[in-house]
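Below you'll find only one chain, the form predicted on its own, shown as structure tokens.
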Amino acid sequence: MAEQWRRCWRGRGAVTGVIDAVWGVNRRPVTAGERRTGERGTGERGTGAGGLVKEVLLPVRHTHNPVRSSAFTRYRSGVLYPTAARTCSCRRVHSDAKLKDPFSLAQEDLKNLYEDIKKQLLVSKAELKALCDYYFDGKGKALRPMIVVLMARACNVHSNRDGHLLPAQRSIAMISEMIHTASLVHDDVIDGADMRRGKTTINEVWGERKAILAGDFILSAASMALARIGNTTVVSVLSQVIEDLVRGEFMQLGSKENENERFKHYLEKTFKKTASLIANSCKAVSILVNPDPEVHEIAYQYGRNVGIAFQLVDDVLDFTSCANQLGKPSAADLRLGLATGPVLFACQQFPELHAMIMRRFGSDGDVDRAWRYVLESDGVEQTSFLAQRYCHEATRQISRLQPSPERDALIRLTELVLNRDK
């Protein structure tokens, strides 16, 4: 059964909050002071460049079978993403035929990344060193550092510089991986996880207390590396990431009773736990080479949209990939009592899921029933399509920078995010 689309206008009751959360329509003008400093206020983060989005399209269930391409036609027509009223001499549209491979382009910059991280974690106590080095084994995807170095080079070219990476920009790439890894260590303790990246978790090997201390130590080392960069604006931007991680974890511990608020809650949590790190790291490297806040916003919005899409795909894979592919048990989120995108979309067809969500799938048989309902619904398909829309917006944003191999690689990366299977 295919989805029909309905138009949702701003100011129409409870759905407004969902629209604001999904597409960032809480816009406000940049003040003169912010143009001088290159910073936005702290009241509203993650707003995009340009005018208000006055209309978006949200999927709903219907009994007849419309042609799917009509939804794409309306989406691509600019209803969802109206063209920005002004840009900074930035290109709006990407037209290059051949996109670059992001892994190949970033390989040289990321060489010895994990060795350099280990140098930041030098301690005399052997056990603490083993704890801190456990996940920095060079076998991770290094997705976040890769995005950061590519964004740094793209911004350097856009700013009429050569594409060479600044030492401080590479430090930000390293710091982003340290913050991410520390958050994984803490998440595994909170979730009681026993597998991560295909290996036994730190809390299973050394115990929860030592795992918490190891995560704290990695964060402290990242903070010291950040302070050495010596740019107060960059310090402020990346400090926001740590606050968002904590707030996101608290959000994950709760559920919204109001069904209309659940999706907004889910996407806000997704931003704070996953996308904030990518968005703010991208913004930080742009700040180091360009004073224009619009360039900072392009970098931020690319990271924000790619980060949310990445997590949406991750939530899909929890239902579609086997445990060996994921490196952790499948249906892990359901077992933790979490209602992700596929479940929330499935509620449209199976209202009985609402009660399961409120009791966090805690009754006998809840996990199995919820799993079956999701697979019988189009929740997986809807979530995948939402991820695609976020990637389209990431591409639109980054295409406004001047052409460079790194810019093209970031566009290519959106395709890889959508098509990954682990």
Partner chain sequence: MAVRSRLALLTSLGSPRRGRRSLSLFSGPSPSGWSKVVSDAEKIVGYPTSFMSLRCLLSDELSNVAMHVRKLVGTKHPLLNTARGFVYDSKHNLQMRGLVVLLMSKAAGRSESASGALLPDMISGIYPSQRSLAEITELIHTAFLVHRGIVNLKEWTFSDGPLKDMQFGNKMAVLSGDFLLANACTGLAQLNNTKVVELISSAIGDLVQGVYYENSNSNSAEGKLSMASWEDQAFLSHGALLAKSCQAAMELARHDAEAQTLAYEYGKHLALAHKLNLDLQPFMKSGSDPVVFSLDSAPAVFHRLIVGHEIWTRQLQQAQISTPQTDYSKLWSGIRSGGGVKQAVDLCTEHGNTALEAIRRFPPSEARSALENIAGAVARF
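Values in this document were obtained by computation on a predicted structure and should not be read as measured data. Positions refer to the first chain, counted from 1.
One more form of this protein should be noted, the form predicted together with its partner chain, which is absent from this view; the next part is about it.
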**Prompt:** Want to guess which of 312-320, 138-146, 244-252, 288-296 is within 4.5 Å of its partner chain in the model of the complex, heavy atoms only?
**Reply:** 244-252
**Message:** What I'd like checked is whether E257, N260 and S330 together line its partner chain in the model of the complex, meaning each has a non-hydrogen atom within 4.5 Å of it.
**Reply:** no
**Prompt:** Looking at S124, S104, N112, N160, which has any heavy atom no more than 4.5 Å from its partner chain in the model of the complex?
**Reply:** S124
**Prompt:** From the list S223, T340, Q120, T181, which entry has a heavy atom within 4.5 Å of its partner chain in the model of the complex?
**Reply:** S223
**Message:** At 4.5 Å between heavy atoms, is Q349 in contact with its partner chain in the model of the complex?
**Reply:** no
**Item:** Contact of G198 with its partner chain in the model of the complex (heavy atom, 4.5 Å)
**Value:** no
**Message:** Can you tell me whether F217 touches its partner chain? I mean in the model of the complex, with a 4.5 angstroms heavy atom cut-off.
**Reply:** yes
**Request:** Decide whether L131 counts as a contact residue for its partner chain in the model of the complex under a heavy atom distance cut-off of 4.5 Å.
**Result:** yes
**Message:** Do any residues of 174-196 have a non-hydrogen atom within 4.5 angstroms of its partner chain in the model of the complex? If so, which ones, in sequence order?
**Reply:** H186, V189, I190
